[in-house]
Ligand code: HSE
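One chain comes next, on its own, written as structure tokens: the form predicted alone.
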């Protein structure tokens, strides 16, 4: 039996209980949720008696070997994660903000204490991408990684194109369906996508890359119905893409709306689906596609990391720090197109 504690019992945290309660496969069938940390109470939930507001009790419980952080935000999630690692407990998280901002420190703490810090669910929801980057491309050299990494913006752009809705109207629809947060600014401005490509590019190119170092971060706030119509006249759709490419001794990164033609796998990726393309010098292009968000897909990715720890995963080697000049704007020579209304778009 493996005792775990869940920090935060919201969409993802509660989804972990659902996934574990249905799983009959080893080693997850031996996982016991011993504590749930949350400021709220859940009197009607089967695990109501497990809920506590006392984090120190979790740290002091020597039977808890894995702490699952699904709180969101940077603080106190970062402090709690660091405390758990220093107490000799492995940490699994879905929190991309903490991974981006404090991942280097937390991975070092995991190494120092002989435990693991794993974060498969921080990018791509239920799409397996972190583990493949770390484990399946070791015999290859990754040249480029690109993707649609935000289901909210992809749903909005799909809705605008298919239904002729304005961005505001499409956002309202996304909210009504539960695809958009009450405050969607991080999604619309491209910051959520930037954090995710920073994590992926850091793994692909062996660096810690904070998203603030990405020189071009543009969102979809200025995309109009006219832009979408003019793009269609060119045989293209507009997608918010993140692209990171190794060029010589540096990496070029960009997050922006792109014109995407039918030749690209991203052209047919619609609604809340995500797609991530990894191009290696040996394997060529490999594409990961699936639901990039949601309670159960993300919870399944968390549970996959728990299973890795139970099965004997060890702390991974540290990546190098990102020295000045390593990150540059993506592709100074890539194609741009000026639409009939004067708007300029990058082309993928």
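In this text, rigid core is short for the largest set of C-alphas that superpose within 1.5 Å between two forms. Numbering follows the first chain given and starts at 1. All figures in this text were calculated on a predicted structure; none of them were measured in a lab.
The following text describes the form predicted in complex with L-homoserine, which does not appear among the structures shown.
4.5 Å heavy atom contact, residue 293 and L-homoserine in the predicted bound form = Residue 293: contacts L-homoserine in the predicted bound form.
Examine residue 149 and determine whether its closest non-hydrogen atom to L-homoserine in the predicted bound form is within 4.5 angstroms.
-> Yes, residue 149 is a contact residue.
Close approach of residue 96 to L-homoserine in the predicted bound form, 4.5 Å, heavy atom | Contact check for residue 96: yes, within 4.5 Å of L-homoserine in the predicted bound form.
Residue 133: heavy atom within 4.5 Å of L-homoserine in the predicted bound form?
-> Close contact is absent here: in the predicted bound form, residue 133 is far from L-homoserine, nothing within 4.5 Å, heavy atoms only.
Residues in which of 106-114, 197-205, 149-157, 134-142 have heavy atoms within 4.5 Å of L-homoserine in the predicted bound form?
-> Careful reading of the contacts points to 149-157.
Taking 4.5 Å between heavy atoms as the contact cutoff, choose which of 232, 75, 181, 226 touches L-homoserine in the predicted bound form.
-> The residue from 232, 75, 181, 226 that makes the contact is 181.
Heavy atom within 4.5 Å of L-homoserine in the predicted bound form - qualifying residues of 183-221 | Contacts from 183-221: 187, 192, 196.
With both forms fit on the core, is the shift of the CA atom of residue 135 between the shown form and the other one 2 Å or larger?
-> No; that C-alpha moves by less than 2 Å between the shown form and the other one.
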